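Single chain ahead, written as structure tokens, the form predicted alone.
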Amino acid sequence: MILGIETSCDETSAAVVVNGRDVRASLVSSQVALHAKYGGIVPEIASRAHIEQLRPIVEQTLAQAGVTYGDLTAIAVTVGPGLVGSLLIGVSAAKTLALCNGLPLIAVDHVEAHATSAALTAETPPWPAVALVVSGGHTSLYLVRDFRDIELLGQTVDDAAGEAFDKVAAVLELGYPGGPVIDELAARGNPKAVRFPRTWIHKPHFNFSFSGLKTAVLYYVYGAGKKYGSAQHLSESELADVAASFQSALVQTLVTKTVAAARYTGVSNVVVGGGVAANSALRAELQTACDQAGLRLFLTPLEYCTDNAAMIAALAYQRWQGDEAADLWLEPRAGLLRPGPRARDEVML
């Protein structure tokens, strides 16, 4: 029985998970309202909100699960990657709880937890599989051979997919966060209205780039020489067309690269996790592409797509089985814990 703590960005979360699958309680405190007026996450505000929210969230989680610290086997915490100030709050709390209660401390990689989150509700672990992790801070492809053998195949070299959603939503003056509002607006638009670029879609590697796509939307909306300076000249139908065309370009890139990675590695399963995995177009197009390629798709349930502690506690169970406990010198890390050579070099197909 593991208590998981997640504070990598702007979600304060705690969960109690038994044997890596039985989620007894999982609570998330969102900070969206705090950051909305700034159009994005302010690290200092995020850190202070974690300080305020973490203790009550942990106490409510234990109460909902009907357990005490004496019932726990270990304390698990996200150690990185993420905002270092936010991570520091969770890591400090986890170390304190582990020390005070004489429990093992287990450090978990946030992105690897997303990569394995689909296994939370799968009947059997879907490994080996290619995992697409797509969120506001990360867009990566992994080869997951099992819970303890996770290899990075490629990642974004600039903007993450979720970051691109937020920035395009800002250009279109739709508010923050951008993912849900663009997904909803795109459903009313024509995805072929504007031909936005699909960067590296057929290049022989598994890295992504969405900066150019974001810039192409900005130039299209503002016009040559920033003729308009805002999106207010666009009608509602034109806004929907731009949103649909942008989303189509981004989703097509993600889907094409993911299927290519599955073919390259020779696996027959694909798993998807992260906040952008809740996007309806991505889920639908991935399912279609996997069906056509003879691949089996495992989609993370919507409640575990965004940052949550259940996936942290679930992966920690696997680490605990392998005696991978951390010591009290554990420090948070903002960057990837295990970048691997394929994150830096192009993988030739």
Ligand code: KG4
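Keep in mind that what you see is a predicted model, and the values were worked out from it rather than measured. In case it trips you up, residue 1 is the first one in the sequence shown, and so on.
What comes next is about the form predicted together with this ligand, which does not appear here.
| field | Exercise: Gly189 in contact with this ligand in the model of the complex, heavy atom 4.5 Å | value | Although this ligand is absent here, Gly189 would stay clear of it in the model of the complex, with no heavy atoms inside 4.5 Å.
| message | Is Thr61 part of the interface with this ligand in the model of the complex - any heavy atom within 4.5 Å? | response | No, Thr61 sits far enough from this ligand in the model of the complex that none of its heavy atoms falls within 4.5 Å.
| Should Leu87 be classed as touching this ligand in the model of the complex when contacts are defined as heavy atoms within 4.5 Å? | Residue-level check for Leu87: no, no contact with this ligand.
| message | Is Ala278 near this ligand? Define near as a heavy atom within 4.5 Å, in the model of the complex. | response | Looking in the model of the complex, residue contacts with this ligand include Ala278, since a heavy atom lies within 4.5 Å.
| query | Looking at 284-292, 298-306, 313-321, 43-51, which one sits within 4.5 Å of this ligand in the model of the complex if you count heavy atoms only? | reply | Single hit among the candidates: 298-306.
| in the model of the complex, do Gly136, Asp166 and Gly274 all reach within 4.5 Å of this ligand through at least one heavy atom apiece? | The answer is yes; Gly136, Asp166 and Gly274 each reach this ligand.
| Using a 4.5 Å cut-off on heavy atoms, what residues in 35-68 are near this ligand in the model of the complex? | Contacts from 35-68: none.
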